[in-house]
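Quick heads-up: it's one chain on its own, the form predicted on its own, in structure tokens.
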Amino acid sequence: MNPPTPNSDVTRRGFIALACGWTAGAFAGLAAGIGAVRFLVPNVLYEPDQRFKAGRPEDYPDGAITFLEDQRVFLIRRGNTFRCLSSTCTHLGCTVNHSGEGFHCPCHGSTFDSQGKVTSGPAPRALTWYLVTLSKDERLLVDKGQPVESDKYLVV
């Protein structure tokens, strides 16, 4: 009986090249499969509702600028009109403070007038005004998903 002869068709270098090719092919197939499965999952963000009830109109004294900390807004009453202004600075999202006749960002020094317009600082645009309506149960309803112009207000 003769001893078996090694197969001379496949060299060590050829085997490594073949193994690397199969590994790369398997990796590409796996990546394509993962991408196809991920494509079937929808990109849905479940965010909280942007509307909230702020209270009854009589809860706010005339001429008051009330800061609602949990919503990061200022509720402004002038006579029988109500408006709502965002307290989020348009520069980097810090919470602005009410100071005198306007608003001031403590982080980077932006200042805004009583209408929310930028008077100085790095803020690129004015503060956002939100829609204020009256709900069925006679409470103020603020919709932070509805930006409005600065001259829009609710008359009660």
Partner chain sequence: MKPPLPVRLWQWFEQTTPGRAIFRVGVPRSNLARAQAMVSSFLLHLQPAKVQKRTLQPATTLGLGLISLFLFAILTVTGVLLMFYYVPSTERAYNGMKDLEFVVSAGLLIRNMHRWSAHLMVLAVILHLCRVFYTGAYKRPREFNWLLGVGLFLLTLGLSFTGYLLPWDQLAFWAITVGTNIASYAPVVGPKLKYLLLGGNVVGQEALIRFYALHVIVLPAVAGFMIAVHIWRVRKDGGLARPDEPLEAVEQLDAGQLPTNKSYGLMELAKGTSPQVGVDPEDLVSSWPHLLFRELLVFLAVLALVLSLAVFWDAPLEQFANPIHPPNPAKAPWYFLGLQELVSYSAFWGGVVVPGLLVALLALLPFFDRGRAGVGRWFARERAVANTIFSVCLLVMVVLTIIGTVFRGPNWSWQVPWKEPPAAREEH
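Here the rigid core means the biggest group of C-alpha atoms that line up within 1.5 Å when the two forms are laid on top of each other. Numbering follows the first chain given and starts at 1. Just so it is clear, the structure is predicted and the values come from calculations on it, not from any experiment.
Note that the form predicted together with the partner chain isn't included here; everything after this is about it.
Judged by heavy atoms within 4.5 Å of the partner chain in the model of the complex, the contact stretch among the candidates 26 to 34, 127 to 135, 51 to 59, 86 to 94 is 86 to 94.
Contact check for Phe82: no non-hydrogen atom falls within 4.5 Å of the partner chain in the model of the complex.
Using a 4.5 angstroms limit between non-hydrogen atoms, Gly63 is distant from the partner chain in the model of the complex.
The shortest heavy atom separation between His98 and the partner chain in the model of the complex is within 4.5 Å. A residue is said to contact a partner when one of its heavy atoms sits within 4.5 Å of a partner heavy atom; Cys107 meets this definition for the partner chain in the model of the complex. In sequence order, Phe67, Glu69, Arg72, Phe74 are the residues of 59 to 84 having a heavy atom within 4.5 Å of the partner chain in the model of the complex; the partner itself is omitted from this view. Core-superposed comparison between this form and the one not shown: the CA of Lys53 stays below a 2 Å shift.
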